[in-house]
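Only one chain is included here, represented as structure tokens and corresponding to the form predicted on its own.
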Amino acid sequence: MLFAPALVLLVVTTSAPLVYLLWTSLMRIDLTMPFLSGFAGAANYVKMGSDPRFWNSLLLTLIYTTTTVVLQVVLGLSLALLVMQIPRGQTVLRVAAILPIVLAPVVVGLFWRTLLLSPDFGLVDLVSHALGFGSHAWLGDPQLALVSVIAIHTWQWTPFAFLVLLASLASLPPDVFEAARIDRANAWQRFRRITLPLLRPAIVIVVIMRTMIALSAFAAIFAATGGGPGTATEILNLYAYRTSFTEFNLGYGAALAVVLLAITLVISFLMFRMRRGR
């Protein structure tokens, strides 16, 4: 009885919307042609097989997620290892690392769009001019736009990986490393044989959390590019949004959201299994 109110609240706020989403994905709900609305069964899911825009958004989602997660883990671990060599001033660096995380993704997208990636006036464009590479439409070129939104996401969330891995490094037992030094293990051997295995749980947790966030990324990309130019940065989440609230095809948009949910659950399940060492 004491647990019932929390359980009911959880079911109402999470499970009920998911059930409604699943039901909507089985319906044909197109507000531009409401007279054709009705039960569609698996038609929305079958439609994805011949939808080139779906496959393009799925590919962009995989590229975006894989690239950002790898960059965040590699850069975060590198920064954590570097900061561990600094005996003083770690508190200041930790506070500075928190700043990009606390910013709203919409603010981050607008910040990069107006101050850093704006042609001719943005900081990145000024550096490009100084290096002799000329001006570029960083968010207007289909090839550069995807690289730009990857850079935006990586900039905002690398500090999260950095802080988690820094805390994990600080908690590692020093006697193991002392024993390795006595056994004449060099820095690379200590890193590969001791540091990485001990950091495995923390790295897996960072990868899981960052993967789930990257798969559902929306606000920063929407603020920076709106999914454009064209469909150059239209990841699956943005495609579902555009389909539902721009093209008013709510049934197909719900099916796209269900597919994204299924992909997130499968990837999360596989990664949680990776937490256990061999």
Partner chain sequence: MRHTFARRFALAASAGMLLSVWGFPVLWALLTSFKTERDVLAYPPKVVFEPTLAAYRDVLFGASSIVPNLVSSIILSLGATFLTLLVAVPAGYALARLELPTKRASGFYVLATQMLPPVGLIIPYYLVLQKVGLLDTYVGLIVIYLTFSLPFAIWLLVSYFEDIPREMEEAALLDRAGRFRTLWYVILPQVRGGIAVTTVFIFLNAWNEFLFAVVLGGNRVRPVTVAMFNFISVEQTRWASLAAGAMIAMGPVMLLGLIAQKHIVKGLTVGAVKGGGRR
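Everything numeric here is computed off the predicted structure, so don't read it as measured data. Positions refer to the first chain, counted from 1.
What comes next is about the form predicted together with its partner chain, which does not appear here.
Peer 1: Do all of 10, 24 and 257 end up near its partner chain in the model of the complex, with near meaning a heavy atom within 4.5 Å?
Peer 2: Verified in the model of the complex; spot residues all in contact, yes.
Peer 1: Tell me, which of 33, 63, 219, 43 has a heavy atom within 4.5 angstroms of its partner chain in the model of the complex?
Peer 2: Spelling it out, the residue with a heavy atom inside the cut-off is 219.
Peer 1: Taking 4.5 Å between heavy atoms as the contact cutoff, choose which of 48, 212, 59, 70 touches its partner chain in the model of the complex.
Peer 2: Of 48, 212, 59, 70, the residue with a heavy atom within 4.5 Å of its partner chain in the model of the complex is 212.
Peer 1: For residue 100, is any heavy atom within 4.5 Å of its partner chain in the model of the complex, or not?
Peer 2: Within the cut-off, so yes.
Peer 1: Looking in the model of the complex, any heavy atom of residue 113 within 4.5 Å of its partner chain?
Peer 2: Although its partner chain is absent here, residue 113 would touch it in the model of the complex, with heavy atoms inside 4.5 Å.
Peer 1: Can you check whether residue 162 is within 4.5 Å of its partner chain in the model of the complex, heavy atom basis?
Peer 2: Contact with its partner chain, yes.
Peer 1: Quick one: does residue 223 come within 4.5 Å of its partner chain in the model of the complex, counting heavy atoms only?
Peer 2: Judged by the heavy-atom cut-off of 4.5 Å, residue 223 is in contact with its partner chain in the model of the complex.
Peer 1: Between 183-209 and its partner chain in the model of the complex, list the residues on our side with a heavy atom within 4.5 Å.
Peer 2: In sequence order, 202, 205, 209 come within 4.5 Å of the partner.
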